[in-house]
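Shown here is one chain on its own, the form predicted alone, set out as structure tokens.
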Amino acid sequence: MSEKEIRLEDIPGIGPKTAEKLREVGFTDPMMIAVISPSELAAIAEIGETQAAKIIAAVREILDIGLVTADKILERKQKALRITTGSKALDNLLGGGVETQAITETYGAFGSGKTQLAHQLSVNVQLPPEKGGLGKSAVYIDCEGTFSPNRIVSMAKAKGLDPQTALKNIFVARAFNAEHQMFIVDKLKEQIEEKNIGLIVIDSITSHFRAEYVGRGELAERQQKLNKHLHALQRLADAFNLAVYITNQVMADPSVIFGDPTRPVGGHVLGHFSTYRIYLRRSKENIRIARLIDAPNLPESEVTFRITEEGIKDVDEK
């Protein structure tokens, strides 16, 4: 039985009232219950942790979550889709574009193109599949006041989309601190299907955490919260087959004497969670260099692309 065929009321331990409460907060997909912790489910459904643990165990048994053969993993990954970046070279670097069921991270100095790519993907996800999109909308979580509706208008026109329609298909949330940022993501599961969301953008994922948790004494708490935040994003990506694109800040590593001292913020937590990690840096004029630092099945490599008034293009594209 597929997870879509399972009614919440059919799961042992979930009565009609609990099922209705779960649907109200967006838990329409049994997979989302299977991957949550008992304490989280208990708080959401207003039930005891013991009952929550039994419900989770029942869902996992129904969905046969545990050891699975590799062919099942392949079958799931084959359902992953791609969103074009607007540059064939950059798409090829990523194995065909920004992937659903995955977290794609870019990091780099100011002006390296991270936010430009965030805007471009928010437009491109609206394109039909034959043009490199998903025919869906985007959520843009703005942590630094970087979202520009005027930029969306320019990019939408270049892609042949109606600018007003493109703007209405991007749901923007301004996050004012780390807790607010996490709250927005936690509430998204209630709206993804209703708003037909295929892409979640966070620009930048580390800015609030970096500003609010200062010093070595608060590093552990910062990393724990960031870890929880990333888990929530990955659960959404898996449960709804959507793409997550995050930008990250950088810092200089004083221990590096030779070579590039630029390092991404977020430590090992963010490094391990990002499915695709790309380092962006400026070149001459409007050209940017993208280096794939980490990916599960792609070699480390480097390409160039251009940022124009119409959006992201290949260097040799007019």
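For every residue, the number given is its place in the sequence shown, counted from 1. In this text the structure is predicted, and so the values were computed from the model without any measurement.
Form predicted in complex with ligand GTP: not shown, discussed below.
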query	finding
Any non-hydrogen atom of residue 193 within 4.5 angstroms of ligand GTP in the predicted complex	no
Ligand GTP contact at residue 73 in the predicted complex, heavy atom, 4.5 Å	no
Residue 302 within 4.5 Å of ligand GTP in the predicted complex, heavy atoms	no
Contact label in the predicted complex: residue 176 to ligand GTP, heavy atom within 4.5 Å	no
Partner-facing stretch of 225 to 233, 111 to 119, 160 to 168, 84 to 92, counted where any non-hydrogen atom is within 4.5 angstroms of ligand GTP in the predicted complex	111 to 119
All of 151, 288 and 307 within 4.5 Å of ligand GTP in the predicted complex, heavy atom check	yes
Proximity to ligand GTP in the predicted complex, single hit among 263, 277, 54, 282 (heavy atom within 4.5 Å)	282
